[in-house]
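Given as structure tokens, the chain that follows is alone and in the form predicted on its own.
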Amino acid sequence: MPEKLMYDAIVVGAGPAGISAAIVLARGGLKVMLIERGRFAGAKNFFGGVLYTHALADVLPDYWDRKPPFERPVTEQGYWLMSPDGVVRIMHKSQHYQKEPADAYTALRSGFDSWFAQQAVSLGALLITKTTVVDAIRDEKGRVIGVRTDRPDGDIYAPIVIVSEGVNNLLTQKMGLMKADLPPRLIALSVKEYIGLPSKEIETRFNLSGAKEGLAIDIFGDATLGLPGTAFLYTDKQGISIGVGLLLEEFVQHRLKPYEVLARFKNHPVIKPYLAGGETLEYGAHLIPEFGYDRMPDLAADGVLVAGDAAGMVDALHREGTNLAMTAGRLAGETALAAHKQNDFSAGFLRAYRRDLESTFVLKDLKQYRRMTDFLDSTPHFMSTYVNYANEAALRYFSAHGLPKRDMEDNIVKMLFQRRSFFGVARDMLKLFQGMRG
């Protein structure tokens, strides 16, 4: 019989959470294996989004010297409220964003994850790709003591396993930390494109002063047909990342085809000029967990911790996910190091991980916004009613020349109550306040 393949720790999934955990563990002197089912770290990720450097610096303080493959610094960001033929822009630009390194950068996950995983390898982690973990290995008392992979003789043993497998959390379920698959109302589908454009053309169209400026925009309203969801547009070095995200339930109920929703958004009269002449270089879709604080799985059991998308660590309202994942992965790694020092891998000891998370922005924010999905579910009209009203009110305000301002202001107020009764508006605002305050 071959000898057992033994490690101090196993990390499942080479995304931001898993790599962060592997870096902490390897830097702490442990023998750690990082298992990824893709051809390479980042191979399964099609992502053009925003990456926040505060979380990266906490994991890898010298990240800047290691030359991360960022696209553009985010020097301008905000929201667009889109009606069928117009848009209200709420944007912010500041000299604060011009510092280097910046607070946030656009990044492409296929390149960033690959680079990030190599940092773990350089610190001593063993990265194994093209390998799927199919189950946990347990001892006679039911404690997790390793993982079973799809490779021949693919059993790997370790006293601690950190699961960061992503939204398709089958392993998390097999380990008994989550009871069942999530319903469609708690998972979003984001469909995206990466559209190539020359750098100078991007800078001209978005009024950017060279490659040291970039834009990140979240878009609500007609971009998602007035349904609860979000569209986005981010500038990269030589392209634009653009996409639309809706809950799976909305696609099913309204019989929507994801690629048609995205095509409609790209052809909106406000968006189309920004994309003119561009070449679609990549197209893909990605599931995003939105089940929130109240529906999170158990984060610890005997010999196992869970981090990242597998645990629902996404703040969709603020387009944050990678920073939550990195912070959770780092804390999971630190908890595993402490468990080795104490030689205690019990669920009781490992629950310190959740207590640590509760003191960070990760669980504080998820707890605060835990009712937002329920809010949008109970007020499906919210996006279309108020976004369209904002556009029509702006049109009336800026074109009401020759009309007494008191009359113009009264007309704007009447426009709102023609769409929604006084009590309806009051109920919506109360629900929104409750959703924002947890």
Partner chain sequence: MHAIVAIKQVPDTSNVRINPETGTLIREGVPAIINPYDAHAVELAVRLKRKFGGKVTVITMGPPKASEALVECAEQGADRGILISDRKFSAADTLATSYVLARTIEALMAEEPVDLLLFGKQAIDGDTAQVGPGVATRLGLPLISYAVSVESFDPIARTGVVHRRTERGIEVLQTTLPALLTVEKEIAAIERAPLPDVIRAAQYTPEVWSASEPVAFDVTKIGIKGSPTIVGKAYTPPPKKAGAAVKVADKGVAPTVAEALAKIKIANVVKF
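Residue numbers count along the first chain shown, from 1. Just so it is clear, the structure is predicted and the values come from calculations on it, not from any experiment.
Heads up, the form predicted in complex with the partner chain isn't pictured, but that's what we're talking about next.
With the partner chain omitted here, the record of contacts in the model of the complex names 149-157 of 296-304, 351-359, 149-157, 95-103, defined by a heavy atom within 4.5 Å.
Contact check at 4.5 Å (heavy atoms) against the partner chain in the model of the complex: none of Ile217, Thr230 and Glu334 pass. Put simply, of Lys130, His268, His340, Lys364 only one has a heavy atom within 4.5 Å of the partner chain in the model of the complex, and it is Lys130. This chain lacks the partner; the member of Asp85, Asp344, Glu279, Asp139 within 4.5 angstroms of the partner chain in the model of the complex by a non-hydrogen atom is Glu279. Among residues of the shown chain, Met33 is one whose heavy atoms approach the partner chain to within 4.5 Å in the model of the complex. By the criterion of a heavy atom within 4.5 Å, Arg39 is counted among the residues contacting the partner chain in the model of the complex. With a 4.5 Å cutoff on heavy atoms, Leu5 counts as touching the partner chain in the model of the complex. The partner chain is not shown here, but in the model of the complex it comes within 4.5 Å of a heavy atom of Tyr194.
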